[in-house]
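There is one chain below, alone, in structure tokens, taken in the form predicted on its own.
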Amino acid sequence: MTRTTQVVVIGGGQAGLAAGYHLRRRGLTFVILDSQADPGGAWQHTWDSLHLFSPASYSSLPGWLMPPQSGEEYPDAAHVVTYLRDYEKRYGLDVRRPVRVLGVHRDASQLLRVETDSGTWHTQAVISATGTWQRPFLPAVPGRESFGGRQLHTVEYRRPQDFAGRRVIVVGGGNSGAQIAADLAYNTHLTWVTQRPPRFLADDIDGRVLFDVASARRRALDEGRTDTGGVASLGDIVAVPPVRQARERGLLKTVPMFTRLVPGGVEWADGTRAEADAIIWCTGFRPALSHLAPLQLRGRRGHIGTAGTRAVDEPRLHLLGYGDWTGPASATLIGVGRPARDAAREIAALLGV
């Protein structure tokens, strides 16, 4: 089956929904193709204890403030899933799921051709909003194949009860590593491994401050002023209440990164070893962009050049929600609204609407 629309949005999480909101305001016809079976994007797959860094009112998509969660200053992931589901309904966004996009191609008709597992779409523009959750990154550490215990990435972790009484090594000094280490600190034999000593942000800093700092950095760069360093200048870890509590109890001590894995655990350069039943790799993600491979836009380092959200070498393509390179704080709920608005404006101008 072949269908036609002005814009195809690939991804039905927070970035895709923000794009849909602004496309609708511009009067453009569009469809959102989501590979997930249910609404909620990556939020429906996080660990049980995950909470936002910001209050609900400061974690909202364009047009509608997230309702507060009863008894919680910082909403949990399940509350976010409910909000995203209701957001789709509130604005009548045309989300098709589950639809897996196989590839985006240039077409002889001067349209873009979006091939999916349920048919083909011809379109004048594409917004790719697939995020990073589907592409977890695992570092190439020697001996990883020899380890006899369980290895999992952040995306597979759910709850500390699954590891009660076990020897667990958490690898990673970012927010995910700190939160999962805090989760496991009470009923496992925990070793928290980081490349460098963890940098906690001040206890009174949450997502509201981080968004303001990221936005100020972008304005400075756009105006040719000195780079403020943005969020990275403040630290790496937001001290959300569970992290703060575990840290204050002395449960979040770290050790340097090991050099290799051995069958029973890990080993450092001096020969010191630590036994482990499980290793949780909180080592980040990479953009999920394989569907764009037919366009051949990646440079020597695998990066797609962008001007704002627009792909430099394909003006009909916009990338949204992958991080600061596609808009300041665009990988956050509150931050994605502005670049989504800009993408919709540029597409409307391209199409003469």
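Everything numeric here is computed off the predicted structure, so don't read it as measured data. Residue indices: 1-based, along the sequence shown.
Separately, the form predicted in complex with a small molecule exists; it is not shown, and the next lines address it.
Chemist: Using heavy atoms and a 4.5 Å cut-off, decide whether Tyr157, Arg167 and Ala181 all contact the small molecule in the predicted complex.
Modeler: No, the candidate spot makes no contact with the small molecule.
Chemist: Tell me the stretch among 267-275, 86-94, 126-134, 241-249 that has any heavy atom within 4.5 angstroms of the small molecule in the predicted complex.
Modeler: Comparing against the small molecule in the predicted complex, the contact stretch is 126-134.
Chemist: Look up in the predicted complex whether Leu295 has a non-hydrogen atom within 4.5 angstroms of the small molecule, and give yes or no.
Modeler: No.
Chemist: Heavy atom to heavy atom, is Pro287 within 4.5 Å of the small molecule in the predicted complex?
Modeler: Because no heavy atom of Pro287 falls inside 4.5 Å of the small molecule in the predicted complex, the answer is no.
Chemist: So, Trp325 and the small molecule: in the predicted complex, are they within 4.5 Å at any heavy atom pair?
Modeler: No - in the predicted complex, heavy atoms of Trp325 and the small molecule never come within 4.5 Å of each other.
Chemist: Gly11 near the small molecule in the predicted complex, any heavy atom under 4.5 Å?
Modeler: Because a heavy atom of Gly11 falls inside 4.5 Å of the small molecule in the predicted complex, the answer is yes.
Chemist: Using a 4.5 Å heavy atom cut-off, which residue among Ala42, Leu317, Leu28, Ala56 comes into contact with the small molecule in the predicted complex?
Modeler: Answer to the contact question: Ala42.
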